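Only one chain is included here, represented as structure tokens and corresponding to the form predicted on its own.
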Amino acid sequence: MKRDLPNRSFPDGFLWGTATAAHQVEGGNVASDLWLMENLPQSLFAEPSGDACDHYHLYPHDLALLKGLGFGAYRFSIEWARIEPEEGFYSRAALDHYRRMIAQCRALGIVPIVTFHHFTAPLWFTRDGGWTTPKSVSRFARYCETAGRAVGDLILYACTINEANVPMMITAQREADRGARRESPERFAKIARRCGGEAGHWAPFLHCDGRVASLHLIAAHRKGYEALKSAGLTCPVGITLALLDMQAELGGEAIRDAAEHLIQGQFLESTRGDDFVGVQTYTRIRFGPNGHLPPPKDAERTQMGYEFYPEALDATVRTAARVSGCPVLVTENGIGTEDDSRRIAYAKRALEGLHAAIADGVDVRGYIHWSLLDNYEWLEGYRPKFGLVAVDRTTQARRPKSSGYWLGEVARNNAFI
């Protein structure tokens, strides 16, 4: 059903926020799997995360900054590796830290949107097969229930797993492009031995066999959802998925449709009955008769190498709502660029598309921009700049960018011009 949204306004109660992930901003996540991988000689990662943005200690300042810019919601993750650094041992200190952080959001009038798993995992978990073993399902559910009982009464939105379809997406990319960056089996065996594991069992989220892991990730979300509800959470619970606007050139329709189901459709179908689905969109991908196509030659590229294409958000929220049947929360959308004017241009065009989708009746509950801070972007290190706020990593000084002020004003007005 179409909605009347005059003057590019958004529905009453629409959430406006920005986001981070624990490993990317906290610093010192020494019990996690990626910390080990980042600090190996000749690491696949451009650089280690190190102290990151020291958000673990500076979160009160960052929350006040977020609120001052005009945002009313903050999506962030609690770090499983800190909470359960060894299997079965739950750190009361870590849980208390995250409880204080969530309580500070509530005190400032910020809606806390809490993600329970955002790429990193405890070293012991990944050492024993990670998401490629059926044991991962019960392990994740146990963690969700324990953490949920500790902090769940303060959470207003909960996301079980961040971009649960990414292992499948990366695996499909590697199968299509044998030159894609990856660790060799021999190197994985060395990593496994270094952390006391066995060759063949080291399976980090971003580097594992997505065809195997996907089954367990879907099951873990279902069990995690149930665990959080049994732990007493009354807030909406969902999952976030990385969605591309998948387009077909003439002759590429069949390949596109198969890829869409493999990488996105099966995951969206699994969310039916959830309280919401989190949509995380950055660009499109095109398919021709022989597979996926590179961006057009004259296309603008972001620092991540993909096409500047904010119109993807309109398409993916419509697809997510149609396939899942769930309300949609845009949990990530943004651009890696040194040119902040392009960030504003990207967000404005993305919001135009989102506004059109809502006007056409798509149930979208909010828009969470990635990211609050310039932070650690995994394999790429600190080079890509996604933040609405710049960070001097020598002094940890924060400096809001023009995009932060612009989007904060949109949030205050619940409308944009």
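Here the structure is a predicted model, which is why all the values come from computation and not from measurement. The first residue of the shown sequence is 1; numbering continues from there.
Another form exists, predicted together with beta-D-glucopyranose; not displayed. Remarks below refer to it.
- Although the partner is absent from the chain shown here, Gln280, Glu332 and Glu377 each have a heavy atom within 4.5 Å of beta-D-glucopyranose in the predicted complex.
- Heavy atoms within 4.5 Å of beta-D-glucopyranose in the predicted complex are found in exactly one of 161-169, 99-107, 283-291, 308-316, that being 161-169.
- Taking Tyr74, Tyr143, Phe119, Phe188 one by one, only a single residue has any non-hydrogen atom within 4.5 Å of beta-D-glucopyranose in the predicted complex, and it is Phe119.
- Of the residues given (Ala248, Ala219, Ala345, Met304), Met304 alone sits with a heavy atom within 4.5 Å of beta-D-glucopyranose in the predicted complex.
- Contact between Trp370 and beta-D-glucopyranose in the predicted complex is found at the 4.5 Å heavy atom cutoff.
- In the predicted complex, Phe386 approaches beta-D-glucopyranose with a heavy atom inside 4.5 Å.
- Using a 4.5 angstroms threshold between heavy atoms, Gln24 counts as touching beta-D-glucopyranose in the predicted complex.
- Taking a 4.5 Å heavy atom cutoff to beta-D-glucopyranose in the predicted complex, none of the residues in 349-363 make contact.
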